[in-house]
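Just the one chain here, laid out as C-alpha cells, in the form predicted alone.
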Amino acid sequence: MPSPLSIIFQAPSSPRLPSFFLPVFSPPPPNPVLRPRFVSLKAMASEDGKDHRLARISSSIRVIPDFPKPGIMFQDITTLLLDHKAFRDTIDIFVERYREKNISIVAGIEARGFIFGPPIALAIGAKFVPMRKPKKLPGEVISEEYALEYGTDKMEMHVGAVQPGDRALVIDDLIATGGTLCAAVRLIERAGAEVVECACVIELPELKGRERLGDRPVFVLVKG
C-alpha cells in the first residue's frame, strides 16, 4: 500500500503535460526596415539599366506653351516641387553622383539653382555659393558678363566665397543656350577653383548649350 506522500510526489505516467501547462511562444515581430535617405542608383535601376526615378521626375515637370512670350515652351519645375517623391528623387540622384567626388563648393545659379543646390551641398558636406544677378549681393563681388538673345547681363558672386583649390559643382534647373552656366563657370575659374561638373535637371538639346561650355562636363536628368 503506497503511502500518501508517495502518491502526491509520484511522477505522472504520461510524459505529456496537460495543454494548460505548456508555454505559448509567439514569433518575434519582424525587424523594421529603415529606408535609407539616399538610395543607390544601382538599387533603383531596372534590368535594362535605366533608373526608374527618371520617369517620375520627367512626368512631374509641366510644360507651359508661349510663356513668358510666344514661341517659348516653358519648363515649369514648380510641379516637380509639389511632388515630394519626385523632388526627393531629384536630390538623391545628384547626391549619389557627387558624394564621393570631393566637391567642396556647390554653386547655385539664381534663381532655381537656389532650390536644388542647398540640399545637395548639405548632403555631400560642401559649401553653398549663390551666383546672383547684379546688385543682389551685399559686400564686394566679382562679376562676369554673358550674352542674351538681345543684349547682355551679368552674374556675380562674393569675393572670397570660392578659394583656389576648391572643387566646384555648378547647378541650375535648366541648360538652354548655356549663357548663365558659362558665366558661373568663368567666375569660379577666375577664383582659382576647378569646376568638376555642371548639373541641371532639364536640358533643351536643340539650343546647344553644351557646345557653349566646350569640354566642361554636363550632367542632366531629363531632356525637354
Partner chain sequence: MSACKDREQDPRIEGIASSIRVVPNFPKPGIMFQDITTLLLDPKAFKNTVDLFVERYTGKDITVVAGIEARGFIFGPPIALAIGAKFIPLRKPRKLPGEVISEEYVLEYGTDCLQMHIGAVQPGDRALVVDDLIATGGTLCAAIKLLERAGAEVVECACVIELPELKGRERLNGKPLYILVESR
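A quick note: this is a predicted structure, and the numbers were derived from the prediction, not measured. Positions refer to the first chain, counted from 1.
Unshown form predicted in complex with its partner chain; subsequent notes refer to it.
* Asked: Is every one of F67, D76 and P118 in contact with its partner chain in the predicted bound form, taking contact as a heavy atom within 4.5 Å?
  -> Every residue of the spot touches its partner chain in the predicted bound form.
* Asked: Hey, in the predicted bound form, does I93 get a heavy atom within 4.5 angstroms of its partner chain?
  -> Contact check for I93: no, nothing within 4.5 Å of its partner chain in the predicted bound form.
* Asked: According to a 4.5 angstroms non-hydrogen atom cut-off, is R62 in contact with its partner chain in the predicted bound form?
  -> Output for R62 is yes: heavy atoms within 4.5 Å of its partner chain.
* Contact flag, H84 vs its partner chain in the predicted bound form, heavy atom cut 4.5 Å -> Result yes; H84 sits at the interface with its partner chain in the predicted bound form.
* Quick one: is D153 in contact with its partner chain in the predicted bound form, heavy atoms, 4.5 Å cut-off? -> Contact check for D153: no, nothing within 4.5 Å of its partner chain in the predicted bound form.
* Only one of A199, A161, V195, A176 has a non-hydrogen atom within 4.5 angstroms of its partner chain in the predicted bound form; which is it? -> Residue within 4.5 Å of the partner: A161.
* Though the partner is not shown here, which residues of 116-133 have a heavy atom within 4.5 Å of its partner chain in the predicted bound form? -> If the 4.5 Å heavy-atom criterion is applied to its partner chain in the predicted bound form, 116-133 yields P118, P119, L122, G125, A126, K127, F128, V129, P130, R132.
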